[in-house]
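The form predicted on its own is given below as one chain in structure tokens.
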């Protein structure tokens, strides 16, 4: 008997056409939750997340908790200064560390952080299910020299290059220093999560080896960006160290370079629903490595 290979429908085709397109989102933002009786998350918070695609929670972590994380961040930076580990990503034009991936896997402090009960309660309430960690990383943006991260939807990359089928994931950004308007904070286009910008350009093999340093494929075209900004504007996720920003996998976001003396380093933990596990990449290429996209 011939076994038929199951085919997952591509609801969000991208990098397959010569022209960009803006498609309607086909998934909820806040999912019906099985945790309503056990978790107390305000309806106002959920409504704000559904409308804007993100929420910022100031003083989520205490100064003592932030200092512990900051000490560990400094230790990681020193330990990996000359490292050739694949998890250590450097700036495109220098040897400065840009990101370190899989910190929840390799570091006890950030592993505990990824399992923080209050954080998990919020995430599970929004995604309506149990979750697992799709990806974790620290983004370093040193004073005077931290480079920009261009506009993008994380989901576009996770869908095309990792095989994430639906928009049922979110990122948690934890500020380890004060985030000001001027030191390269996270910028978000509120409301853009309800549209999907299909990008142009066929994905090169092993694209992640370049894209983690500077992304050139899977970035939105300027006309689509202008249309989204004209409709929704741009918000900056500013706040003191210890602020947590939760943002939808499909919201358009990025950050400017940092030419100020004030560093801006954030921990990013990406949670995906256990009901949204990765399939074969929609690009048709081999999956990216586990330290970027957990498949287990």
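What you see is a predicted model, and the numbers here were worked out from it, not measured in a lab. Positions refer to the first chain, counted from 1.
What comes next is about the form predicted in complex with another copy of the chain, which does not appear here.
Engineer: I'd like to know whether residue 148 contacts another copy of the chain in the predicted complex, with contact meaning heavy atoms within 4.5 angstroms.
Structural biologist: It does: once another copy of the chain is placed as it appears in the predicted complex, residue 148 has a heavy atom within 4.5 Å of it.
Engineer: Taking heavy atoms and a 4.5 Å cut-off, does residue 181 contact another copy of the chain in the predicted complex?
Structural biologist: Residue 181: contacts another copy of the chain in the predicted complex.
Engineer: Test of understanding: in the predicted complex, would residue 254 fall inside 4.5 Å of another copy of the chain by heavy atoms?
Structural biologist: The answer is yes: residue 254 has a heavy atom within 4.5 Å of another copy of the chain.
Engineer: May I ask you to check whether residue 121 falls inside a 4.5 Å heavy atom distance of another copy of the chain in the predicted complex?
Structural biologist: Residue 121 lies outside the contact set for another copy of the chain.
Engineer: Just to confirm the contact call: exactly one of 78-86, 149-157, 191-199, 104-112 touches another copy of the chain in the predicted complex at a 4.5 Å heavy atom cutoff, so which is it?
Structural biologist: The contacting stretch is 149-157.
Engineer: Among 57, 45, 30, 234, which has any heavy atom within 4.5 Å of another copy of the chain in the predicted complex?
Structural biologist: The residue from 57, 45, 30, 234 that makes the contact is 234.
Engineer: Please tell me which of 258, 266, 243, 52 lies within 4.5 Å of another copy of the chain in the predicted complex, judged by heavy atoms.
Structural biologist: Flagged contact: 258.
Engineer: Does each of 64, 68 and 274 have at least one heavy atom within 4.5 Å of another copy of the chain in the predicted complex?
Structural biologist: So, no: the whole triplet misses another copy of the chain.
Engineer: Output the sequence-ordered list of residues from 218-234 with at least one heavy atom within 4.5 Å of another copy of the chain in the predicted complex.
Structural biologist: Read in sequence order, the residues that approach another copy of the chain (within 4.5 Å, in the predicted complex) are 222, 225, 226, 229, 234.
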